[in-house]
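For reference, the chain that follows is the form predicted on its own, supplied as structure tokens.
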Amino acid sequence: MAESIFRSDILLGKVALVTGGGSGICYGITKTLMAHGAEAVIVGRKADRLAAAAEELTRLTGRKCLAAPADVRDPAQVASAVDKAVSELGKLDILVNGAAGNFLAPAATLSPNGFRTVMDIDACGTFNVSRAAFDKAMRDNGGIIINISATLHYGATPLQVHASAAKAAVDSITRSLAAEWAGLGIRVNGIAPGPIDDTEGMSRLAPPGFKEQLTAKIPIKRFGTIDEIANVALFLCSDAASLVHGATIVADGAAWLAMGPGLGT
């Protein structure tokens, strides 16, 4: 792993649970948290991929990583995943809500079920896991919650009405939970990544030539990296962010500011 600008023991003794941690940005976040001292539980629906990711994360960082297969739409499965973190690792200090669903679809042909599915994974899933973490660990001990959002809803993004609505809900959940739980020692914040290289979403959703066209419009003239988003998460988990509550940090190289409504069109 590349040398970090953060102390390697900044999260020593902490336990993190990361939904969507088996791949992409949330795998990168998990790896970074573990490389800085945390032990982790990763949550996802695909048990085989999750187990392989947990094994690899343990090998790469020398820290313990457990796999907890669960669908964030199911509160009972979520409760079991949180129970696993608390029972096998002793506690839960950090929650990263990163499980998400997305696909391209014109609003005129998007089915109600398709819309509901993305809302259920992103918005309801964020609440379900946050509530389980609160009930089983953080109510009495405090903690840190980070919700992974997006910039889709800052203007208007065609073909993404479902994902835009879901992420707008996630941002609202972040603010509401921060206001309600700050007095209990729980810091709730969000991260809104822009276009990020080497992610499943970008490879699956972007049409040919899209990356080159978009890169030309981004003020920093490049996509972000998974490590850069992971470093934002690490900052939010550190004591350096002790006064940051209810914020969603945009990490996109000023992309949405430059392009405005219709991002990516």
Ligand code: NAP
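Predicted, not measured: the structure shown is a model, and the values here were computed from it. Numbers follow the displayed sequence, beginning with 1.
A second form of this protein, the form predicted together with the named molecule, is not displayed here; the remarks below concern that form.
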| property | result |
| --- | --- |
| Which of 98 to 106, 81 to 89, 173 to 181, 138 to 146 lines the interface with the named molecule in the predicted complex (heavy atom within 4.5 Å) | 98 to 106 |
| Any non-hydrogen atom of Ile121 within 4.5 angstroms of the named molecule in the predicted complex | yes |
| 4.5 angstroms heavy atom contact with the named molecule in the predicted complex for Gly24 | yes |
| Contact of Ile196 with the named molecule in the predicted complex (heavy atom, 4.5 Å) | yes |
| Contact label in the predicted complex: Lys211 to the named molecule, heavy atom within 4.5 Å | no |
| Partner-contacting position among Ala133, Ala150, Ala166, Val188 - heavy atom within 4.5 Å of the named molecule in the predicted complex | Ala150 |
| Neighbours of the named molecule in the predicted complex among 68 to 101 [non-hydrogen atom within 4.5 angstroms] | Ala70, Asp71, Val72, Arg73, Gly98, Ala99, Ala100 |
